[in-house]
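What follows is a pair of forms of the same protein chain, given separately as structure tokens and numbered structure 1 and structure 2.
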Structure 1
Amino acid sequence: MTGPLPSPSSRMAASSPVRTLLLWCPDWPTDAVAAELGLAPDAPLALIDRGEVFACSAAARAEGVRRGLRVREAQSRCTGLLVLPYDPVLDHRVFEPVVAAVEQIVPGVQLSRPGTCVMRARGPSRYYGGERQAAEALLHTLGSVGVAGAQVGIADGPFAAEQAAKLHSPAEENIRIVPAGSSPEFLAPFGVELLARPELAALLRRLGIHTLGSFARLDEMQVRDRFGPDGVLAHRLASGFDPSDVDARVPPADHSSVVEFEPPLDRVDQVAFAFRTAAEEFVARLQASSLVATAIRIEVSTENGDSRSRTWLHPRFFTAGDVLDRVRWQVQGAGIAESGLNSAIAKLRVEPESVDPAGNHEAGLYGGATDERIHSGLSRVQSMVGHTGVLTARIAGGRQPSDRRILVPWGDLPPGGEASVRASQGLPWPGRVPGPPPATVFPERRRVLVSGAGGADVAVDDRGELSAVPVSFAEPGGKPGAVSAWAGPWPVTERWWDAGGRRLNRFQLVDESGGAWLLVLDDSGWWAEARYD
């Protein structure tokens, strides 16, 4: 390991790495969440992905929270830690305006992940009269869209540029330029962990190769023999010959529609009327690119800076009237309780969340019209009784009849998606009630009276034995009558380890008039859960 670093000219002179500018926003995921939820930027915040810390804010890091910690461990290090699930969609969505701002001044930007984007350095440096000037212009642009503390690295190849951008702490200067051709020397002192290949890094350490420089000194053919093609790629990265080029994205067309109300409006009908034209334009713009929206996201901002957003799905695709309906429902708070607003509405924004080629939704020449008719009729009913008033039903898994039905608003997906409903349906559910399912399942179970001979209590002891045979039954609000047949107790003990679990005994009972009931006995007494009528 003592030879000189290979010079670029001796190898791969043909494919010299691209001069690259990399823009990095440290702690982007937590900053994005804080901005979206309106949290203080210095709050200790950790985002959790699969039970481990995925990202943490600077305040949390100061308390010792690190990426990859278990949630419990992170919470014990920082007691005031705010733990939230990591949402990649939110991450991308908040970064999107930042990339758009960068694309305004530098074309050809590659979005490597939220918080990091890469572009070729040659064009901007020529335009702005130098690499440092180009970097300053970029940082200035980011500052104008509200992103502070971003860092820029310029080097040969994205890998070296990333290391340059991440090299120094935010207190120092936030632009780092590695002169052209000196990337191998720049990378040489770094540890092999930076290659982001944990197995390879561990092996290299055990072989006595601790830095990228010493790894780069190995012969490429020997690396290929020992580590395969991926090892060769890592070797090239370590040697400063990053083979990857900047893969500029095509900026997506912006189909969103924004209306600002001046003065702010506080009546639903005013908002709906003012948004009518915008909704028509929204659909027309999509149509112009031969697209239809199957899901939209509506964001309502109020006068006092509050903003609420929610996604609406559509069984077919959104027309202007449908968009307007969703706006109305969201403003009314008909859909969910937390969408209620308490001050006048200043801004309304609608963006398509998923789009589909319009050709997939073209009505057939004949046929296919029935569903359209059904849909428009049901939409009319929805406009009378609200979005959650018109339901479709699915059968789910469960032991009690009330668990076995899921009601979903027309046009929405069941919670967890169709796949989870099917999965729970497919499970065996031992202990469910046999026989035909009851035709009436009370939404709220009803109090009934069951007693034994001489009015004795009928209870079930810990061994599952009945204290008395039920002989008298009174339906909800009815008079007691004789029991003509009964069976039970069928015990259910669900999630006994959990506070949300339940423990109950079920009975089937036929009263003297021939009515059949499914009864439940728990700590609070006898209840009718369903009726076979």
Structure 2
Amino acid sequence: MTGPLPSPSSRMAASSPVRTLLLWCPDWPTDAVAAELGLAPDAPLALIDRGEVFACSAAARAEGVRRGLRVREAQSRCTGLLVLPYDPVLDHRVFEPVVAAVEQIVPGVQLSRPGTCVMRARGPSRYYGGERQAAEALLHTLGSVGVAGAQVGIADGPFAAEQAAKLHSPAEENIRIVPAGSSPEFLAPFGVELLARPELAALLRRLGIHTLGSFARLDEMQVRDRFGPDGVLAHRLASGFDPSDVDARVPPADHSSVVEFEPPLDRVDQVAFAFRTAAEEFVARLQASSLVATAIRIEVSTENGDSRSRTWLHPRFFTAGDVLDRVRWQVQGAGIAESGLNSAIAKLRVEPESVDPAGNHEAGLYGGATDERIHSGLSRVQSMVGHTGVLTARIAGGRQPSDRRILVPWGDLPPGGEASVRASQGLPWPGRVPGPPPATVFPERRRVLVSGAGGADVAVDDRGELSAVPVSFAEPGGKPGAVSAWAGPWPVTERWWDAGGRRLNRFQLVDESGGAWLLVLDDSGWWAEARYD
């Protein structure tokens, strides 16, 4: 298709797109994790979501790692790759101070996603004397809060502004301005994949339409008849007539409590006593807003500059006493904390990470429910024996029965969150034990003795063949007895490409008393992993 792009006057959209300024922080998910964990900026890092690479650092991309790769393939391309689960909560939390800093100089900020925020360009450009001056002020503000390498795009509408921000490499100028009215020409060379509609993009390519400019030249009424309302929206985006506006967020109220200790304190009881009033005020501010905190974040800073933080969850909601308990648990432990602090505490900060309307937690008409009494009792026991003294069991995915059981402190989420546990349960896990599962899974596997006729050793070769038929079995601490029945072997090979991988064979065996066992044979011998009671 040839011909000039349609002019604004020929479009059905009568109003002009909003002049938009978009701020983009490349590699934000990996940068946020690196800042949180204190990793080196040049560390090869990949964040995994549902078994695939969700985001990777520049160092990892230099080794061939790309978004969408399976974990195994990413590790084969970069042997030193650091693999961590993607945590959207951390992503948002670390970006919140950045957005707050931007709102100090430019009001009306819309958070598109962590690492990207949008604002109208008209007000800042008038205040700072031009669009470029406004963009430079934003970049200077981000530099003051430790965010380097950010890029700014200014164009007609958020869609064109985002493409402008992402167009150039970090080595080039980090501000790109598309003149007003020039968005159609600017977008024309881009591929239809930028519309973020895979099915529409595939269909357009089959029709010979590969660029946004070619798509924009189609008649809008024909697009509506062929692709429907969503196709019309995509057509307007490709034409540079973005109908979306900036939906500025309302800055959240600050319910955090901060206490600075002068001189710094090095005793747990001193810290808890000094923070008692702040904990009561923290809960009172939430109650004044008709809120309760179901998750809090405690940040501890020491006099030598170290800072460690942790998120604590509660099965119901936090009271002032619960907050003090979590402060005490975090500060005590090895030296001054399980978080690795090794000097006196200079500052303590507590902020709500998850809040809920207080009405959802009011007592019933006839008092609290049974589960509420259970929550209260377990929380009380936990306050006496410590955070890890009360554990709950969760079922996760895995090949071994012992892998499927994870124990987490009462009130905490499993590692990676509930979503990761549910996702792991749904994975195929080739080689896992078929149902019904054994009733008793030993915390640590136990040594057993399995032998053939005449006391011959029973082994399995590389072809899965047994060296002898099992005829004698001795359970842990017991005397050898006859084998009534057995089945196997079922081989399991884990991480065959890694020196730390393992190969084992499973067996099911019934002894002469009728007891059924799940056994494992590996290079070190026979082990009892579980029992079918």
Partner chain sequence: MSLSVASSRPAVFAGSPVPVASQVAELQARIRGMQRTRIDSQGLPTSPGIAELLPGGVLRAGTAYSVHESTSLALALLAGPSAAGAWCSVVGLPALGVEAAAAAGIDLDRLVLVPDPGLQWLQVTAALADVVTVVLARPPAALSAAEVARLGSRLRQRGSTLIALGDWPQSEATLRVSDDRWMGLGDGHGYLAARRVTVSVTGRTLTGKPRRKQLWLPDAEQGIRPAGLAGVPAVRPVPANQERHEMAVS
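Take the two forms, superpose them, and find the largest set of C-alpha atoms that agree within 1.5 Å; that set is the rigid core. Note that the structure is predicted; figures quoted are calculated from it, not measured. One-based numbering along structure 1's sequence throughout.
Note: the form predicted in complex with the partner chain is the first of the two, structure 1. Taking 2 Å as the criterion, Arg50 does not count as shifted between the two structures: its C-alpha moves by less than this amount when the rigid core is aligned. In a rigid-core overlay of the protein, Trp312 has its C-alpha displaced by at least 2 Å between the two structures.
Shown in the overlay between the two structures, fitted on the rigid core, is a CA shift at Pro437 of 2 Å or greater.
When the rigid core is fitted, Val390 shows a C-alpha shift of 7.0 Å between the two structures.
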